[in-house]
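As structure tokens, one chain now follows by itself in the form predicted on its own.
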Amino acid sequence: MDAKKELSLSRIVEEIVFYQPIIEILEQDPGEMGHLQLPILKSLVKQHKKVVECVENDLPFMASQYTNPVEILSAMDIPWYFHLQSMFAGSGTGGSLHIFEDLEAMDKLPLPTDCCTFLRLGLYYQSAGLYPVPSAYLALTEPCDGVSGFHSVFMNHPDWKNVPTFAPDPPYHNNDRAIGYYADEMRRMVDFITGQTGKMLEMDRLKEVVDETNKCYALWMEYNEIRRSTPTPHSYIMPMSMFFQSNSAGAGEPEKTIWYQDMVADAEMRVRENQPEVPDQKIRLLWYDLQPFYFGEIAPWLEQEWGAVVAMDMVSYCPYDIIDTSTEDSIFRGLAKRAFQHGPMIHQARGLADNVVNDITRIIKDYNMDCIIFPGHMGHKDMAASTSLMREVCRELGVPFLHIGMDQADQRYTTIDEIKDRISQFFTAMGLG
């Protein structure tokens, strides 16, 4: 294997090496939560090993963005990796071992510093050769101008400009015509994949995969209902994994469904027996944005110092619908609706501010929230424009609202100590905890 390919796999291989011993330890002694954490790590390592195998043996594989339906790739038996996963799922290795050196290298790129750090980091990873170059790429051009700019820069890089690319065209509105239009885009995506790989989509197989992921989404919704309980059953780690398991490689695998069933069963047991993973809960909060890379340094502090639990978060609270699999048309329309309306950031940033207002109103009431923390990621200009609306909704509902102003990837922007200090002052001023 040449040096370029070896470099492109370096972060993935590092994650495998990092997580494999943890898997072996959890298999021997799962402890209280290991039986739920183990399948998550196995899924991540399994996906990574497939990509390594493809690169090492010159086999076809794809890269994709998270809104594109994983069910299609699974049904067509296409190995792939989530393009920006190394920043999110890799926070245990790439996100901690390399983050500061990556940020410093990113700063040297000729990119505007007010652009979203997620996107700038992605462009740094590309320029540094840290992404495996796929046989074909399923791209993304929503929900913001930053993503469209990221796409344009990415496709003009020397290593990627000859990679066949398909970017579905998202409509602005959410009406029936828009769903039909995007369903046709999903069909075009299938044609593109077939053209690049030679693999055909069998509708019976796609129905089978979607039926299985429907079970996962239904169980996820059931789990979210259990999170209404006071105290909430789990710490921040497990709920954050619900999105990953439904939107990563292996969609439609029955073992994923079993994991969701186990999550629901564990949550029900904890509520029934009043044994929450986090004892002495005093504050129920909504974290309304993506969780930062360094959330592992903030959330445990919230739980231990203040008895504050993330009873609901933006990534978990997305209005996923169960897809009607009775006809080919209903399947593609369902996948289209989920792709361009329901995903986190997509749901909040694309379209009307009503999505944000309705989310916050519903979550405050349904989950009996004591407060809302809006981290205010510097790259989410769309969310920044809705800050005053969020604050007004919270004022009307009598729920304290904290806007921090931070960078979800770069703690140099607002340090962890500064974030903790602002939260502490907020809790104290509002008489919480």
Partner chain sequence: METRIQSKAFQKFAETAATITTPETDVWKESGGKIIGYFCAAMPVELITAAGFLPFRLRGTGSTNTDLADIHFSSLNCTFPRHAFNLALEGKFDFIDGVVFFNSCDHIRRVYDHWIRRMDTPFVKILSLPKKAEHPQVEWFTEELAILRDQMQEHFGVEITDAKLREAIKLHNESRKLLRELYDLRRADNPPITGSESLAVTVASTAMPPELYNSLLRELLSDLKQADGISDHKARLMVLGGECDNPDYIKVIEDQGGLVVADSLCFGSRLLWKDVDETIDDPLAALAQYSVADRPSCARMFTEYQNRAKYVKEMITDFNVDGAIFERLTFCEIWGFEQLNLTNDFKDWKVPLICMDREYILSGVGQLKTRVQAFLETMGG
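Residue numbers count along the first chain shown, from 1. Nothing here was measured: the structure is a model prediction, and the numbers come from that model.
The next section is about a form of this same protein that is not shown, the form predicted together with the partner chain.
Using a 4.5 Å cutoff between non-hydrogen atoms, Y320 does not count as a contact of the partner chain in the predicted bound form.
Among residues of the shown chain, R350 is one whose heavy atoms approach the partner chain to within 4.5 Å in the predicted bound form. Under a 4.5 angstroms non-hydrogen atom cutoff, the partner chain in the predicted bound form has Y172 among its neighbouring residues. In the predicted bound form, A385 approaches the partner chain with a heavy atom inside 4.5 Å. Screening 59 to 67, 44 to 52, 24 to 32, 375 to 383 for residues having heavy atoms within 4.5 Å of the partner chain in the predicted bound form returns a single hit, 375 to 383.
Highlighted residues Y217, N247 and Y260: none comes within 4.5 Å of the partner chain in the predicted bound form, counting any heavy atom. The contact residue chosen from L140, I363, V209, L290 relative to the partner chain in the predicted bound form is L140, the criterion being a non-hydrogen atom within 4.5 angstroms. A single residue from the set D114, D329, E255, E101 has any heavy atom within 4.5 angstroms of the partner chain in the predicted bound form; that residue is D114. Looking at 163 to 185, the residues that come within 4.5 Å of the partner chain in the predicted bound form, counting any heavy atom, are F166, A167, P168, D169, P171, Y172, H173, R177, A178, Y181, E185.
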